[in-house]
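Only one chain comes next, encoded as structure tokens, the form predicted on its own.
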């Protein structure tokens, strides 16, 4: 328990958010899109976090926002890791001119300023949940590709992999049978790290007005809250702006601790160095 406390804490917190997302329709007291009260009601037994400027229940919006964040996190992380593993695995296993070509592509993409490119692509592709997932995956896979390539090159130098190649094993066979199983824990840790990054990016895009305007996400809640003139001059920010910000932070922390725990589990030498 002591050695894996990061992993246990991250998984427990992540399980809480997953439960809220799955049971959102049951836990939410109201439909998050319904107008169920007066504008800007203060917290009360009927509305524990009050209502927004349109009269919608903030607690219901907050509960349903967990589902949007987790969908984006899972989809964008899966796309990021799939692209990064494909490019990094092929580059590391093939070597030669193909390795050089793919790594130069990775270098170019990593050198580009990601935030302006993120905003540009969101403006061009339009708003929507699928577009948000695709944009995040397309922009953040190079880091995974570089890490996977380094690990593949390390594994391919091992004796049993060289022997399999000498016996006629092709690149695809070596990747599928010998290399990918060895770097599986690394891919799992990369998946969790990419999910944490996707949560932050989705919240940022929604906050900038570049996310899905129909999805009740935490970033969109913060955007609408800050659009209210004089919000920070009153105590309304405590029950409208603060809760979604805390939820984004806690979900990122849950994924970060889970990722660190997976890395320590798959690489015990990291723990011994501390």
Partner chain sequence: MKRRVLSYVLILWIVLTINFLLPRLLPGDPLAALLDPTNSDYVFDAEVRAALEVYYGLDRPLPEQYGRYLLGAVTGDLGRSIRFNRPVGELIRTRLPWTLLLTGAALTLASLFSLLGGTEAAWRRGTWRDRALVVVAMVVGNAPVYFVGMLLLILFGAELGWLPLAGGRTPFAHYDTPLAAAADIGQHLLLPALTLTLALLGSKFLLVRNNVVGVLGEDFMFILRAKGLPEGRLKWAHALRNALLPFVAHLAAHAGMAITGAVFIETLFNYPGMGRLIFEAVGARDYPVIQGAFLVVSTVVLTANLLADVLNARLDPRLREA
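Since we're looking at a predicted model, the values are computed, not measured. Positions refer to the first chain, counted from 1.
The form predicted in complex with its partner chain exists for this protein as well; it is not shown, and the discussion that follows is about that form.
- Listed stretches are 181-189, 80-88, 148-156, 115-123; the contact stretch with its partner chain in the model of the complex is 115-123, by a heavy atom cutoff of 4.5 Å.
- Looking at residue 13, you'd find every heavy atom of it more than 4.5 angstroms from its partner chain in the model of the complex.
- Looking at residue 163, you'd find every heavy atom of it more than 4.5 angstroms from its partner chain in the model of the complex.
- Its partner chain is not drawn, but in the model of the complex it has no heavy atom within 4.5 Å of residue 36.
- When its partner chain is considered in the model of the complex, residue 50 lies well away from it, no heavy atom lying within 4.5 Å.
- For the three marked residues, 232, 253 and 256, a heavy atom of each sits within 4.5 Å of its partner chain in the model of the complex.
- This chain lacks the partner; the member of 46, 54, 27, 226 within 4.5 angstroms of its partner chain in the model of the complex by a non-hydrogen atom is 226.
- Residues of 218-252 placing a heavy atom within 4.5 Å of its partner chain in the model of the complex, in sequence order: 222, 223, 226, 232, 233, 237, 241, 242, 245, 246, 248, 249, 252.
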